[in-house]
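Consider the single chain below, provided in structure tokens and representing the form predicted alone.
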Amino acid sequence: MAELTWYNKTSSRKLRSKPVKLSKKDIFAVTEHAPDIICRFDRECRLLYVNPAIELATGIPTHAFINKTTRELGMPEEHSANWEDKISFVVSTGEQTTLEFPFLTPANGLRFFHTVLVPEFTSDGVVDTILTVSRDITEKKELDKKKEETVSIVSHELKTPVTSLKLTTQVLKKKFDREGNDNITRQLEIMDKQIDKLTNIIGNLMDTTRIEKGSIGLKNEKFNFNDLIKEIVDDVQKTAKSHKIFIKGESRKAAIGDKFRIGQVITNLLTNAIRYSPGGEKIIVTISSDKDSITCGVQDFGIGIAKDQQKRIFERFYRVKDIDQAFYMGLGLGLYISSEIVKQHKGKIWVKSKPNVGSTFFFTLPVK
């Protein structure tokens, strides 16, 4: 039985209805008229049921899908294997998962779908079948592609004039510094720092487009992780007058990966820690290692992140809200870029946080 819960709008008092039992006939009526494609697969990735929405989306009759595997439906090897891997994951773990895949339809050409896979259990608690819900996201994909193209063009167009402005500012700063004009020199120093911020924003935009195109390009080399942490901390500490950054622990293993990009991840985590702990006085960087990986943590004592926001914190353009639902400054790209860099190094990144207590961001790097 399903119990419905809602709230009284005026008093925010929770109200409950009596338990509602949905019959198989009711459930069937819902799925038959649903706009999303609803399927049921067996453990071998064979379609047992599909609702009429699939015919509208693809132009292929519903009966043509029944008792067919994704391979038998003519899906390319890569995507069939992806489906099989996801089905296998749900069967072995009993957990739901998601996937995105393209499908060439006779009626509508190439379409893209986002699918949620949910396990269905027997009375013995064994995954017997898998229920899937697929939504057509082709229009969203096309819109995202246009956005990426716009971001790429804008960031490249901005790069040249900002570089020229930076060079001119430095030349003028040296000139007035030699003349002893301290007032103008200070103004140019402020201008130089603002140009650096703009350069960083442009760099993040360019990295985002590179990641989406799969062309970020990583160099694999062995480097001393402890030395890299100290170098980055020293650089950030020069401009972080309000916080003291401490380093605890060390790695007994050398890291393997792109030193520049890993340094970028550490810098992003440190600058975020400072930004989101305006009342804090310290940041703690922890380092540890085992036979398989190096783990780094960056801890702040700031506003923290609510549980519902933690799931989305590594999404592109997502920005954290404080307790008053106000957004903090920034484009919401630093954590997204950091996450993608760590993933491309076959590492993991995650956060532990509590509102008004602080956050600790961790990431791992394999050492082999």
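Fair warning: this is a prediction, and the values are worked out from it, not measured in the lab. One-based numbering along the sequence shown.
We do not show the form predicted together with a small molecule, though everything after this point is about it.
Although the small molecule is omitted here, in the predicted bound form none of A255, G263 and I294 has a heavy atom within 4.5 Å of it. Contact annotation for V285: none of its heavy atoms lies within 4.5 Å of the small molecule in the predicted bound form. The closest heavy atom approach of W83 to the small molecule in the predicted bound form falls outside 4.5 Å.
Using a 4.5 angstroms limit between non-hydrogen atoms, Y276 touches the small molecule in the predicted bound form. Among heavy atoms of T208, none comes within 4.5 Å of the small molecule in the predicted bound form. I313 is the sole member of I313, C45, I60, I38 with a non-hydrogen atom lying within 4.5 angstroms of the small molecule in the predicted bound form.
Listed residues A34, L56, L331, A64 were compared with the small molecule in the predicted bound form; L331 is the one with a heavy atom within 4.5 Å.
Contact with the small molecule in the predicted bound form, defined as any heavy atom within 4.5 Å, is confined among 295-303, 64-72, 339-347, 45-53 to 295-303.
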